[in-house]
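Below, in structure tokens: the form predicted on its own, a single chain.
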């Protein structure tokens, strides 16, 4: 058995065949079409494989993402397409592949690693924990639009520059280039819905579907609350069947309007996350608090434990994974035991950190 190691250039076509056979068998497209910025020759240095007799038997891909928020900039290492040939399973190959990806995250100074999976117990053994907040709303019934004078379209022939401009208005987003955005728009089974004002300017957009995933899920969107809600109204009427919107918890103005027409909400997790560079993350969190005028934040390692709090009012975390749920949610400062009200008030200034990854960012 050889690896984990990055594939060579001449192995690229074999790698795609392996992934398509194991993850997208029967589809009419290559899996690389679904992940055009991760499964691409330019990202081969962030791919890890294991081989036997020159045949690929296990794989995972890593992609660093820069997440910009008003308070903090985080570097997240996304890990995906973790798969082992069924003939080689239960030999620890996936674990070795994942460790190799975590090493990449460390080498590239990521604050967290994230992945999306249902195998929670397996990944918890590697230090991952369900964390972050994700809101899901099912639009089951027609409802009235909030804005008048808009023109709606399901034509996917939209200038990427217009969509990119609205995407850039999000206060929390992944730093993307226009070229990356253009690649995402070419993902198979991606439906684009748009709303245009009377002057012919793009007012809102919604992206549904992503290859084999997210059918009937709107996972990317942009625009003001009123035009976007009006676009959702048109989508519901046009589709004639329910669809689900995935939204960040911090979009309170939008969520307040959504709850009026889709009152049933499901709060889930953003993904499974793991702290990668504790010292770097601690320094960023402390700096964020200092910017808010709070200078006595404690976020330190003490042997196998983590101390967190303000001044001498501290809690001891036995697992670093507990810190992930505190920093990113769903835990809140109010839910932490034995802290004084003044400490809870201080911690609540920035916690939970409003981390969000849009649907196209998942790999």
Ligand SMILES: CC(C)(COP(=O)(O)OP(=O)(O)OC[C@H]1O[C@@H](n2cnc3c(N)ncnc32)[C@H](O)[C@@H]1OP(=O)(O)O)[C@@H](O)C(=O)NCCC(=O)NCCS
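This structure is a prediction, so every number in the text was calculated from the model and none was measured. Positions refer to the first chain, counted from 1.
Absent from the display: the form predicted in complex with the ligand. The rest refers to it.
Q) Thinking of the ligand in the predicted bound form, which stretch from 176 to 184, 212 to 220, 281 to 289, 114 to 122 has heavy atoms inside 4.5 Å of it? A) Stretch 114 to 122 is the one.
- Interface residue in the predicted bound form among 231, 203, 93, 110, criterion: non-hydrogen atom within 4.5 angstroms of the ligand: That would be 93.
Margin query: Using a 4.5 Å heavy atom cut-off, which residue among 344, 16, 23, 351 comes into contact with the ligand in the predicted bound form?
Written below: For this set of options, the contacting one is 23.
| field | Contact test in the predicted bound form: residue 266 vs the ligand, heavy atoms, 4.5 Å | value | Output for residue 266 is no: heavy atoms all beyond 4.5 Å of the ligand.
Exercise. Looking in the predicted bound form, any heavy atom of residue 82 within 4.5 Å of the ligand?
Worked result: Answer yes; at least one heavy atom of residue 82 falls within 4.5 Å of the ligand in the predicted bound form.
Item to complete: Determine whether any heavy atom of residue 237 comes within 4.5 Å of a heavy atom of the ligand in the predicted bound form, and answer yes or no.
Response: Flag for residue 237 set to no.
* Asked: Hey, in the predicted bound form, does residue 89 get a heavy atom within 4.5 angstroms of the ligand?
  -> Result yes; residue 89 sits at the interface with the ligand in the predicted bound form.
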